[in-house]
Structure formats: structure tokens, C-alpha cells
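This document opens with one chain alone, in C-alpha cells, the form predicted alone.
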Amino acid sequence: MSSTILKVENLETYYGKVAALKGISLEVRQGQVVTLLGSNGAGKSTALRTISGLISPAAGKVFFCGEDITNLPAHEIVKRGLIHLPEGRHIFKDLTVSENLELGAYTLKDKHERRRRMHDVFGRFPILQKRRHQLGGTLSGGEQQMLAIGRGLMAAPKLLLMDEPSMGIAPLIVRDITNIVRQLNEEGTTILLVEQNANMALGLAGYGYVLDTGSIVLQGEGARLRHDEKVVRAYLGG
């Protein structure tokens, strides 16, 4: 059985006095795609932001590759190979595609390795190579999402946290993004996926957790959740 790369224990996070996460526990094994499902405001993005060190939890623990990273600053967590692709892409619109990608490898001193990784990203996303001198803000929504994923890959992630990769993207491009996520996983990248598109998420994920107002109310294998009456009714339009 594959080893656990991420383990979250009884995580609690607050915004002021409001509990956004109420003691959630989850784990992700090496090579898995695991998804967090839930409606808007359920705590999905907060969970990713807490895991990646952007928000400090009030209680609980986060272990990455066996190390307690709960109180590490976000930039130290990035150095360990846990890469967070936030909702809304957050590319630098006034920088070129190449410059955006360079920033993804800011911790890497080896210029040859940085060039190799960029070559790999361009091989995966030929449109980015074609647009490498364009400003990020001139790209389409789908191209910006590809750039955000490419920038994450420049850090050679051990674990990718992906927050709503299909948001605001045309349905035809959503299919492309789905295929990209599947291919990344098939090549060995472990992924924790937050996605409003439950059909997409459960089609990709081997395991899933359902969040409701900051608590995990359901969990199980992706295929089983896809046929669970509560999930179908709440998220799959059944």
C-alpha cells in the first residue's frame, strides 16, 4: 500500500469568532487524487489555505511526508514540495508567460534545471510556448489556468493542492483541464483537488471527502460517492 504523504488531524480554523473548519481529519496517499467536495462556504478553500500555511489553524496538526508542518510559514512549506494553486489562478498579469513560470521555480538556484523544467512545461502546454513573450493578462481564462498549473509544476511538487481549476472556464476547456489533471496524476503527481464541478472531481478522484459548514459529513471512494444518494442530490443534479 502507498505511503501517506499528507495527514490532517482535527484541524480547526477561525475567521474572527466564526469557525470555518471544525476539527476536520483527512489523509492523502502517495499517487492519489483526493477531492474535497462541498457547497460554497463549506470550508474547502479554507482547508487548502490552512494546509499550505496561508492561514494559521486554531487547533489540530498537519503532517507532510511525516513532518509536522502545522506552524511552518508558507514559503518553507513550498520548499518541501507542497504547492498550492489557489482559486482564481493569481497569475501575474503584468509579467510575461515565461516570467510567471520563472517565479514558480524561485527557490531553485540551478539554471539548467530551471530551463529543463520550463522545457517540460512548454512540452505539456504548447500554447504557453507560443505565447511565452505575452503578458499573462492577455491570455484567455483557460490559458491562464494552464499557466497557473505550469507555474506550480516549475516547483517539482510532491503534492499539488488545486483549488477550483475549472472555475470560470468554457466547458470545452474544462475537458482539457480534466485531462491535464488526469495525466499529471498518471505520471506520478499526487493531488488534493477542490472542485465545484463534482462530476469532474469524482471522475478523477480515487477518494473523496464531503465538507458541510466546516465539518466532514461523508467520505469514501470516488466511485462510491458518485452513486451516493446524498451526493447525487446535492452536487450532481440528481
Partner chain sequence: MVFALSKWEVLLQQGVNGLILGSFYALVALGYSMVYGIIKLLNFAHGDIYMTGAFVCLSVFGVLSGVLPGWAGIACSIVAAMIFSAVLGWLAQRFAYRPLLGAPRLSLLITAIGVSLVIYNTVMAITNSQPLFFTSGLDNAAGIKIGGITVTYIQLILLSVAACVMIGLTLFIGSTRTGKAMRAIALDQDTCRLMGINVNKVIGLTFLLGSALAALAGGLACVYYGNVQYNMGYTIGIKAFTAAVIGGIGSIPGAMLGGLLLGLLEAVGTQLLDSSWKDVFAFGLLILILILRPNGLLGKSEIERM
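Note that this is a predicted model, so its numbers are computed, not measured. Residue numbers count along the first chain shown, from 1.
Omitted from view is the form predicted together with the partner chain, to which the following refers.
Taken together, the three residues 142, 178 and 227 lack any non-hydrogen atom within 4.5 angstroms of the partner chain in the predicted complex. This chain lacks the partner; the member of 72, 159, 78, 153 within 4.5 angstroms of the partner chain in the predicted complex by a non-hydrogen atom is 78. Within this chain, residue 54 lines the site of the partner chain in the predicted complex, having a heavy atom no more than 4.5 Å away. Taking non-hydrogen atoms only, residue 114 approaches the partner chain to within 4.5 angstroms in the predicted complex.
Looking at residue 119, you'd find every heavy atom of it more than 4.5 angstroms from the partner chain in the predicted complex. In the predicted complex, the partner chain lies farther than 4.5 Å from every heavy atom of residue 165. Although the partner chain is not shown here, in the predicted complex the stretch 68-97 places heavy atoms of 74, 75, 78, 84, 86, 90, 92, 93, 94, 95 within 4.5 Å of it, in sequence order.
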